[in-house]
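Here we start with a single chain on its own, the form predicted on its own, put down as structure tokens.
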């Protein structure tokens, strides 16, 4: 055996992960049946307040927040086991965005910000992040939005888009250029005029995304996170977001495969179930292989996430593989349903729309492969 060959250990679930995964799966199955997804598309608000309150009572927003701030003090690996079932059942929840903001606060927040905002998040405050700009660059350091000191406050300017659930967020984390350097600013709901937020039309109708015009918004200087830690916080935001989006993707992959298999075992053609034809068997097996590869990479990435270099490599590999797998599986789900698959009534299109949405968030497969080339070669 070559000395250069590295054998990775088998990844096993911890007791906490097993329990959380089981509880989250049962919760999502019971609270978010398929008909609820359809109803959600018609609702103005994508978040069910009662479901979110139950999630808060279960303590999920505080899972990866230190105990000193009211959290459980666990790792992001435990959050992954919560988010994966949410992706499987397409459950609408601000848990991912809220967790990402909490992680940014842990890295770059002042003592006062952490002591006030992290306990509030544990108690149910919704947080979102405004990082994307109209130029569409996934590089979080490519910023046009600005903050300037005026009359003892920070005056913001510019436009942010693709802000999930901004209409219900209690706080929004905004990236700007301040005094020539990247910075992160917390903007409270009461500081945002209603006219500054406009809902966007996006491919995934189960999501709610908004554009925020920062012009005319002013916040206290104390809302600025420690600027010396901004780069570190933005790196953390990107990798945490990629990890949790990958968890959602893997859950949705599982659901899409189940949709395919169920249809193959119920639809008959020429007196036979269509699942008996090799032309459909083989790509279905490929769907399963792609899903298993993505899920293995996901949980490996979760297990080594805090290792700086290895964690980043694993997360980017997982995001690239999961996105590619989701596109393939969702496409097969539509194709296998025949003409019905191209109609609005077919559930397969829900997964294809979700796959396109996830590819637009924090980089698609090509973007992460380019990053991996820089890290590995």
Partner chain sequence: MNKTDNELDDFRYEVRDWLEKNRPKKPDFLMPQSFMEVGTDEQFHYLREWQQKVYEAGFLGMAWPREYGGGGRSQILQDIATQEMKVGKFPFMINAIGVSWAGPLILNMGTEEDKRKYIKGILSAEDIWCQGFSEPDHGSDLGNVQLKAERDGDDYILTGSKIWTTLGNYAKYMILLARTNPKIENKYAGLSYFLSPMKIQGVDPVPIQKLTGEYGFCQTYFDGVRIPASCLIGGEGNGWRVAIQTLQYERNAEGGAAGGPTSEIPYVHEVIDVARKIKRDGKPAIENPHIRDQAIKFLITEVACRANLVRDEIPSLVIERPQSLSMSLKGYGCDFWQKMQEFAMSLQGQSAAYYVGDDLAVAGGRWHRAYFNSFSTTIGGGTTEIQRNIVGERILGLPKS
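Numbering follows the first chain given and starts at 1. Being a predicted model, the structure only gives us computed values, none of them experimental.
There is another form of this protein, the form predicted together with the partner chain, and it is not shown here; the text below is about that form.
Just one listed stretch, out of 297 to 305, 186 to 194, 169 to 177, 214 to 222, contacts the partner chain in the predicted complex at the 4.5 Å heavy atom level, and that stretch is 297 to 305. Taking the partner from the other structure, the partner chain in the predicted complex has a heavy atom within 4.5 Å of a heavy atom of residue 341. Taking the partner from the other structure, the partner chain in the predicted complex has no heavy atom within 4.5 Å of any heavy atom of residue 114. Contact check for residue 133: a heavy atom falls within 4.5 Å of the partner chain in the predicted complex. The partner chain is not drawn, but in the predicted complex it has a heavy atom within 4.5 Å of residue 356.
This chain is displayed alone, yet in the predicted complex one of 150, 228, 123, 137 has a heavy atom within 4.5 Å of the partner chain; that residue is 137. Though the partner chain is absent from this view, in the predicted complex it lies within 4.5 Å of a heavy atom of just one residue from 154, 162, 233, 91, which is 162. For a residue to qualify, one of its non-hydrogen atoms must sit within 4.5 Å of the partner chain in the predicted complex; none of 31, 75 and 146 qualifies. For the stretch 339 to 377, the set of residues having any non-hydrogen atom within 4.5 angstroms of the partner chain in the predicted complex comprises 339, 340, 341, 342, 343, 344, 349, 352, 353, 356, 357, 360, 361, 364, 366, 367, 369, 370, 372, 373, 374, 376, 377, in sequence order.
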